[in-house]
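Let's start with one chain on its own, the form predicted on its own, as structure tokens.
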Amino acid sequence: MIEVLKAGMYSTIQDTGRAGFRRYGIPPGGVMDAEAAALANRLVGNGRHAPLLECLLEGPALAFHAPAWVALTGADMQPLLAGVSAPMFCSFFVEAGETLVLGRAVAGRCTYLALSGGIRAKRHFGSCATYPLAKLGGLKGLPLERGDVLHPAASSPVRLRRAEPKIYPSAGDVTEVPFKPGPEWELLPEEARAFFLSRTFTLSASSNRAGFYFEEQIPLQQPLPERISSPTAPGCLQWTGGGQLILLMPDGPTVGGYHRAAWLSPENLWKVAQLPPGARIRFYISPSHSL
């Protein structure tokens, strides 16, 4: 087993999420950065759907009471194994009795820790993804807490595997993100749309797995009219009546009454998911979309 000595800021068991249940109000959930998560699983010989740990901004400290093959990808949390620097983007072996400690992310937001064979977790609606609002999946349906115990699933022998390291954005970096106009884009005031396309927006520290928020608001001469709730999904960029921007993430609501101004493709949503608080985003209309 693996004992949680320190939980970290927000560490959860995730997989690729639960599809087909949005009509019941259950979001897909799952990993924020599917590319980094799939790579971590591949490095220890797992399939891409195997449950693994997603750690946001600051990681846990884990005491291994049995040997295991491990891989870390995503944001660099300067991991230490038995007090010595552990590799990123590479499978490595942890002996029984050793402790793996993940610190704060020096760049990026999400770190993925995969164990050979995956992690045993509760499965609800076809997925082990932790969704705390409904206490589904993971351990008790909640983020890790000190004293929790993780049980790796049956593993097979793993050979040393490496992958090309990836550099993630830091606070203050500007990331350009393409989007496709949403259903209500044309209903938004022209001057507000022009402002949105001409400015950069700073990611707020209040952002979470349900939605990313921004420090700046869209100036509006008058509040946007209320709308009947309509379907939403991860990657939907909403404008509130007062001009606040909300980018829906994997645990976001399945319906909403805000204006759906834009949609981000999955690959661009994964890119945004790795942005830390303070990072800046500039949105532009995808060249593949013609107004």
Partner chain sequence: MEKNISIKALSFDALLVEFEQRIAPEILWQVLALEQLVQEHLPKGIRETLPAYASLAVFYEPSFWAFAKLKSAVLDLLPLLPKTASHLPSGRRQAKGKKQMKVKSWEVPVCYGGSLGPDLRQMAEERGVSEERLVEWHSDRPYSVYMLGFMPGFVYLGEPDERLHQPRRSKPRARVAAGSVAIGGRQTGIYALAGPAGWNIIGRTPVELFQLREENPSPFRPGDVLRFVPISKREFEAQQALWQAGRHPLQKQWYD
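What you are looking at is a predicted structure, and each value in this text was computed from that prediction instead of being measured. Residue numbers count along the first chain shown, from 1.
Below: the form predicted together with the partner chain, not depicted.
Although the partner is absent from the chain shown here, Y24, P183 and I228 each have a heavy atom within 4.5 Å of the partner chain in the predicted bound form. Heavy atoms within 4.5 Å of the partner chain in the predicted bound form are found in one stretch of 256-264, 50-58, 63-71, 29-37, which is 256-264. For the options A153, L188, A134, A163, the one in contact with the partner chain in the predicted bound form, meaning a heavy atom within 4.5 Å, is A134.
The partner is absent here; in the predicted bound form, the one residue of F195, F89, Y213, F125 having a heavy atom within 4.5 Å of the partner chain is F125.
Taking the partner from the other structure, the partner chain in the predicted bound form has a heavy atom within 4.5 Å of a heavy atom of A19. Although the partner is absent here, T232 is a contact residue: one of its heavy atoms lies within 4.5 angstroms of the partner chain in the predicted bound form. Although the partner is absent from this view, V44 stays clear of the partner chain in the predicted bound form, with no non-hydrogen atom inside 4.5 angstroms. Interface membership of L224, defined by any non-hydrogen atom within 4.5 Å of the partner chain in the predicted bound form, is ruled out.
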